Ligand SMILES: NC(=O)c1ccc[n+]([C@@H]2O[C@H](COP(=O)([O-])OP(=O)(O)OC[C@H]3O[C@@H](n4cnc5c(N)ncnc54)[C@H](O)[C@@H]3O)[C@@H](O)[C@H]2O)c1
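Form predicted alone, single chain, as structure tokens, below.
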Amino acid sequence: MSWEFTVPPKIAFGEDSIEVLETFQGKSAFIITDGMVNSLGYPDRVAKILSDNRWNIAIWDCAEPDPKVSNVRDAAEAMRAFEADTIIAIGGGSVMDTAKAAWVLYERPDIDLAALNPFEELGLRKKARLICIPTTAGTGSEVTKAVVIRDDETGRKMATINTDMVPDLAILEPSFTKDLPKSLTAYTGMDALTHAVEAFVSTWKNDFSDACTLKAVQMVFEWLPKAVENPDDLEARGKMLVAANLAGMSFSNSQVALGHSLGHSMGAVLRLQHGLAVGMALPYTIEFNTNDSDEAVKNYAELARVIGVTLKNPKRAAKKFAEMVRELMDQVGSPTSFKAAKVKKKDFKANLDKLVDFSMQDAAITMNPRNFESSALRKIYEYMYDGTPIDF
């Protein structure tokens, strides 16, 4: 099988990396962000650089968490009215997903977002290019061909990939993440770790994605606790941006697995923050896959060695890796169970059927190393409520 490893043409990283915009060519920049990020002044910092170089600027700060199709359409309409030749997303994964999907509609109003797929050539860049500046170190969306949007009626998350949606420039500016609360620093960091780990056991894994994963996992374990403990530590912030970026390149070119199917469902049904949800699912899916996949055992054991586990028995090392993921989550304050995330038991039970149904419809389950039926997902969710390790 042949592979094509896709990354943005350019990645700028480190303190003051936004100054790369001084050399970017264009006339009309449409900045997509959300109200919170806009209030922190980051879009204004970008706008100042561009306006000093005689760009026309519009700031649209209506991006929503877990963007719905209607929100994306609103962004595309505003983009069209402004006649942008450059789209700049400043924010977390939801903002960047909004920008990507709106970019598609801006260039291709004939496209049905629900029908987006990896195989259709979208023909983007006839009107505009895309720049992404993350304000969280988690999704890695600034380097991925992935997008996740929600159906307005059902709330179900629709995730897909398309090479045309890879941004033209990614800017990793550490100072843009320093105002992130400790809880979101932890949750988004767990999102990055989940991307990397799942990319390493995905049935689409490859040597290039593996290389990105190994470094990303090592960096998250080393730098996430430091970034959570001291939000003003720009070195830790910068290292986490790089880790999330590497994890993004990894999963974008190999795909995620069961943990994201569970997490997407948890976000859509129970409205749990994405990083919290997929991070919570991660240790359970490691244990689940370890119990019935020799290939997964080998891969998890290799990840365990990267963070210092010296156990020679691969299965014991894989299970130890799940334990160390839980220990990291406890250290940074990321919940490891529904109960710890303050999900009420009655709400969990009332929504369990929907959780399972949405998970079974999620595309990521197809890349999981262990096969299963819906009854297994129900049981995993039930174990996750109280935090019971998977034993089946």
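All residue numbers are counted from 1 along the displayed sequence. Here the structure is a predicted model, which means the values were calculated and not measured.
Below: the form predicted together with this ligand, not depicted.
Within 4.5 Å of any heavy atom of this ligand in the model of the complex lies no heavy atom of Met219. Contact check for Gly26: no non-hydrogen atom falls within 4.5 Å of this ligand in the model of the complex. Among heavy atoms of Leu40, some come within 4.5 Å of this ligand in the model of the complex.
Among heavy atoms of Leu172, none comes within 4.5 Å of this ligand in the model of the complex. Candidate site formed by Asp97, Thr136 and Leu180: every one of these residues places a non-hydrogen atom within 4.5 angstroms of this ligand in the model of the complex. A single residue from the set Leu352, Ala340, Met36, Met360 has any heavy atom within 4.5 angstroms of this ligand in the model of the complex; that residue is Met36.
The stretch from 211 to 219, 89 to 97, 117 to 125, 102 to 110 that comes within 4.5 Å of this ligand in the model of the complex, counting heavy atoms only, is 89 to 97. Residues of 131 to 165 lying near this ligand in the model of the complex, listed in sequence order, are Thr135, Thr136, Thr139, Ser141, Thr144, Ala146, Val147, Val148, Lys157, the criterion being any heavy atom within 4.5 Å.
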